[in-house]
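What follows is a single chain, given as structure tokens, in the form predicted on its own.
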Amino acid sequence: MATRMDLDGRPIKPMTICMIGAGGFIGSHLCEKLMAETPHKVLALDVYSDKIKHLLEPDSLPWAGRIVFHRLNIKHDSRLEGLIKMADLTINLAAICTPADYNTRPLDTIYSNFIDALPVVKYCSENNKRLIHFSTCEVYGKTIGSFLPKDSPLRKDPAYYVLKEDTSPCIFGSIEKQRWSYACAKQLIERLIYAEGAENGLDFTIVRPFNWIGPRMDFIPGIDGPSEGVPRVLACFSNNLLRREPLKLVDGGESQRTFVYIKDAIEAVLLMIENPDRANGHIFNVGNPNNEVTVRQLAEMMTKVYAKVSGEPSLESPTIDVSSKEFYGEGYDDSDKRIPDMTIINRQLGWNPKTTLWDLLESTLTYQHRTYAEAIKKSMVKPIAS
């Protein structure tokens, strides 16, 4: 493998990476990228290894020995500090990040995203190890624009809804709206990491993903995702399409979101890994502002894409409206728009996303359609009654 060069033309030394949550959606794609394109080693930590099994077996793989799986739960495992000490860099991907859980399991959500992450930050700081911590675009909460009158022309001014890492306020709903338990826990761990950097010299990078989409994201309940609860919007819609059910639009599907392809996003993470001088001390939005749609528009586009990849005709009534209370339960609240400003990541790392929304949906739904068919064959899920 030829010597890799960083963005400033310096050779990149092979490193050992301790990846917490390596067996998840993002972790599996990042492990693939690291094995295929770099000489780096990965200590892969997780409770499950299903999504990276193809990287671990057989021993004849070209990267054999460069990725080692450690089955552990960071909540209560004394091996954690030793594994962080063995590595040059720790990447923390572990989190409870399913919207229904924010409302129904707020304590678990807060513990998972704040309390359980504390030892990781502490061990990195005490042992002078670099940390790349995965946060969320949810830390921004609501936009300033959402508080303006509906007919205000200021609502169209990007200053009121484009989210910037260094200047946008983080606005959450009231305490009774438990939906913000996740965002609040994630924001507090960001503040703690930032403080460790300021006071104790921790080398850190914080990643704020804006809806990373692609193959292997959890979508079939009980197969590659939680068997209970409500997943994120794209996984919800995927399930409806696979089961030939109408897509449920919460409160009319008026919220706006942007979506970025997982392979584009992983390129950004690799740049952070291999360019510490440019990435340390920064918070990075990683999203695609060009792929912005309302949830209703997303439903319409996914219906068309799925008809193309499956060959099945769309339902006569492809969507139905439901209230957020009916869908998520009492105490739900939402952010209106999430449009990432890309100035900082573009300036520091020269990164720009490439994949269009149609293409990323086609790639994702093709994978999901195939996986669902295989799961039915193995009797892992019940086929739809015709």
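Residue numbers here begin at 1 and follow the sequence given. In this text the structure is predicted, and so the values were computed from the model without any measurement.
Absent from the display: the form predicted in complex with a small molecule. The rest refers to it.
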query: Complete contact of G24, C97 and P209 with the small molecule in the predicted complex (any heavy atom, 4.5 Å); finding: yes
query: Contact assignment for the small molecule in the predicted complex, among R105, R278, K142, R232, heavy atom within 4.5 Å; finding: R232
query: Listed residue that, although the small molecule is not shown, lies within 4.5 Å of it in the predicted complex (heavy atoms), from Q297, S314, N73, N290; finding: N73
query: Partner proximity in the predicted complex: T136 to the small molecule, non-hydrogen atom cutoff 4.5 Å; finding: yes
query: Residue contact check: F204 to the small molecule in the predicted complex, 4.5 Å heavy atom; finding: no
query: The small molecule contact at V47 in the predicted complex, heavy atom, 4.5 Å; finding: yes
query: L93 within 4.5 Å of the small molecule in the predicted complex, heavy atoms; finding: yes
query: Partner-proximal stretch of 268 to 276, 74 to 82, 157 to 165, 300 to 308 relative to the small molecule in the predicted complex, 4.5 angstroms, heavy atom; finding: 74 to 82
